[in-house]
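A single chain comes next, written as structure tokens; it is the form predicted on its own.
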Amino acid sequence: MSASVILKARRAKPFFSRHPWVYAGAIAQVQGQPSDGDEVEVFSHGGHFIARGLYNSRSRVRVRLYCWEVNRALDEGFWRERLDQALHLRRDVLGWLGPGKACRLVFSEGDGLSGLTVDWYDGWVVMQFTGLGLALRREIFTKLLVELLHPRGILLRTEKSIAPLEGLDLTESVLWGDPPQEPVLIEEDGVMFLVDLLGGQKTGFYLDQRDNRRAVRRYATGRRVLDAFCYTGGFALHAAYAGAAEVLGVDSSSSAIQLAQKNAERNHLRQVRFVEAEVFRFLEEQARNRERYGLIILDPPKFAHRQSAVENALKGYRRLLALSFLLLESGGILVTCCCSGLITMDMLEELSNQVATKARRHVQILERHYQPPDHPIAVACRESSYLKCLVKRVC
């Protein structure tokens, strides 16, 4: 008999609706003595079975829910079924699996596997755990991924900011097979990218910006382009490939800039150059020098990791927008990306309005984008929607 978690009165509705996160504040009682990572059953205050999940006393998310069937155990067969469903989307629906391809195979809550992300890079698989319960089952997931995908190797990457919040103690390692001996080469819409799976940010590449890079290509032809927070050149190279007259990428990471330059050389894109610099200071210097661009891409790191950080995050975005307005020529295109889930599209649009009013510029929203379909949004967990992108014309 597994341990049981009893919810407080009037706190069960989100979980009957399949939201996967049971916070400590919603729990009235824990029956039994579950260890961290153990399977538990969750009941309403009135004693009605809701779901089955994994317990973690060290996390604010005390239980992550996975199964709403009364008699279904969270065993290897259950996890295989969930992985099968996720792989079916990427392989059979999207057609994004294969040699030279890269995509997200498992998107945590979006695929009903809260606390796990899995990425595919030309035959190599990279796993990240943000939930203790699934991290303790990493041998099961490694075995299943080997059986289902026959990869070249499976790598474990860690999210250092998450570890203390979940009680995770993981070391980056090779879980199965062989690690790549050099950066892995992938292709995206005709552009080739070298990806550092062992030392790059996240799992090596920002797979979630696929659709937004396509959007940039539509506006790049003939323009002078600035790609701020360029990392390894994702937006910059797509802009150059689409026929931009000149492209400048800037990032504070020397290793990212070095790989970005190699990517430009591999694609024979000679109108691209990259600069290692602190981005805010670089933009200020460009403004002082009265530089002008026809297309600017802003893809900063996550500014708001918690609700208390939202106000400061909005100040950061406001400063970026104000500097960009100084650098954009009349009729220029501004692409603004935000990966902070706590900041909504409405917030970004209102911020654009405020900055435009102060700068006495007229702004038109041309396109709104979110994350691509290999990062599916679970309707029961709207928090799985996090990426926003606005394409604007600034006159």
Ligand code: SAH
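Everything numeric in this text was worked out from a predicted model, so none of it was measured. Throughout, we count residues from 1 along the sequence that is shown.
Not pictured, yet referred to below: the form predicted in complex with this ligand.
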Heavy atom within 4.5 Å of this ligand in the predicted complex, from candidates F141, F129, F235, Y121, belongs to F235
Partner-free chain; cross-checking this ligand in the predicted complex, the single residue of L323, L156, L87, V279 with a heavy atom within 4.5 Å is V279
With a 4.5 Å heavy atom cut-off to this ligand in the predicted complex, the contacting stretch among 142-150, 71-79, 248-256, 262-270 is 248-256
4.5 Å heavy atom contact, C230 and this ligand in the predicted complex: yes
In the predicted complex, R213 touching this ligand (heavy atom, 4.5 Å): yes
Exercise. Contact between D196 and this ligand in the predicted complex at 4.5 Å, heavy atoms?
Worked result: no
(Q) Considering non-hydrogen atoms and a 4.5 Å limit, does this ligand approach G177 in the predicted complex? (A) no
Contact check, 288-302 vs this ligand in the predicted complex, heavy atom within 4.5 Å, ordered by sequence, gives D299, P300, P301
